[in-house]
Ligand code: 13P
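Just the one chain here, the form predicted alone, laid out as structure tokens.
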């Protein structure tokens, strides 16, 4: 019989307590004790490095489950993780997500060293527009309030009046005094904001740029119709980065955090989650009684994160993994984000 390391065995048991519930695994893995033993040395090493270096790891819900439950200190959506970054006193913040999120952490925690495991982890929304392009749009619409979705670069945030997330976008845009809104970079979210404000009787002219999310733009109403026919009592949950038609056909539309709350508080025989598959994995862990019928999609950028990259970045980050921002740009971007915190209703 081969002797096992007690520390690795204990870590494998800890990992298994969460990961055993994950069925929607991006690599098709079955999470059993043997699978957990394979990653336990890595998670142990990463968690030791965090203590040694006074580091915290922020994990977006879309990254792989062994990152979220193995080494993450905080897990959630962009708004929640932005708050955690702002409140952090850690010397090092490692952001397991995508680059624009790590930039946001640096904007809010300038004294911390902010690390991104893979600087190729972009975002189709954030990469769809530059700060210079926002300047040109502003010149065309000088009377407009300039609103950017949080899925945007620091350069874009620095050119905008207020940042929004998918959880607070409707309330913030509705309450801005300007009647004309320049909204970047998500065209589909802009469509959903128009539809929601019309329901509320709020009159705004919303002008948008043309970015879309590579995950959420792909969902179609036909997918919903087929699922409803096959699974009576199904609840359809979608994100406002989806098309207006998909949002209208859904039972609930909300941010990543709001979708989680809805599923946890709603009784239904089945759920169709029209979002990134990482959220389904989290729900399988945190609410294993619920049944999910698939339909989610993978974000290729989020999946560039891995335990190995996290370990290496904590041990000796390369220059391209350390987020640096010009101080004037950082301060202007911080004003944009701070206004979001000021205008977000306390209930969000």
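Here the structure is a predicted model, which means the values were calculated and not measured. Numbering follows the first chain given and starts at 1.
Beyond what is shown, the protein has a form predicted in complex with the named molecule; the following relates to that form.
Colleague: So which of 140-148, 106-114, 170-178, 235-243 is the stretch with heavy atoms within 4.5 Å of the named molecule in the model of the complex?
Modeller: Among the candidates, contact is made by 235-243.
Colleague: At 4.5 angstroms, heavy atoms only, are 50, 95 and 321 all close to the named molecule in the model of the complex?
Modeller: Heavy-atom distance to the named molecule in the model of the complex: none of the three under 4.5 Å.
Colleague: Which residue, 155, 128, 256, 88, is the contact with the named molecule in the model of the complex, using a 4.5 Å heavy atom cutoff?
Modeller: That would be 256.
Colleague: If the cut-off is 4.5 angstroms on heavy atoms, which of these, 272, 184, 247, 101, is the one near the named molecule in the model of the complex?
Modeller: None of the others qualify; the residue that does is 101.
Colleague: Indicate whether residue 60 is a 4.5 Å heavy atom neighbour of the named molecule in the model of the complex.
Modeller: Yes, residue 60 lies within 4.5 Å of the named molecule in the model of the complex.
Colleague: Closest heavy atom of residue 166 to the named molecule in the model of the complex, within 4.5 Å or not?
Modeller: Result yes; residue 166 sits at the interface with the named molecule in the model of the complex.
Colleague: Answer with yes or no whether residue 77 is in contact with the named molecule in the model of the complex, where contact means some heavy atom within 4.5 Å.
Modeller: Yes, residue 77 is a contact residue.
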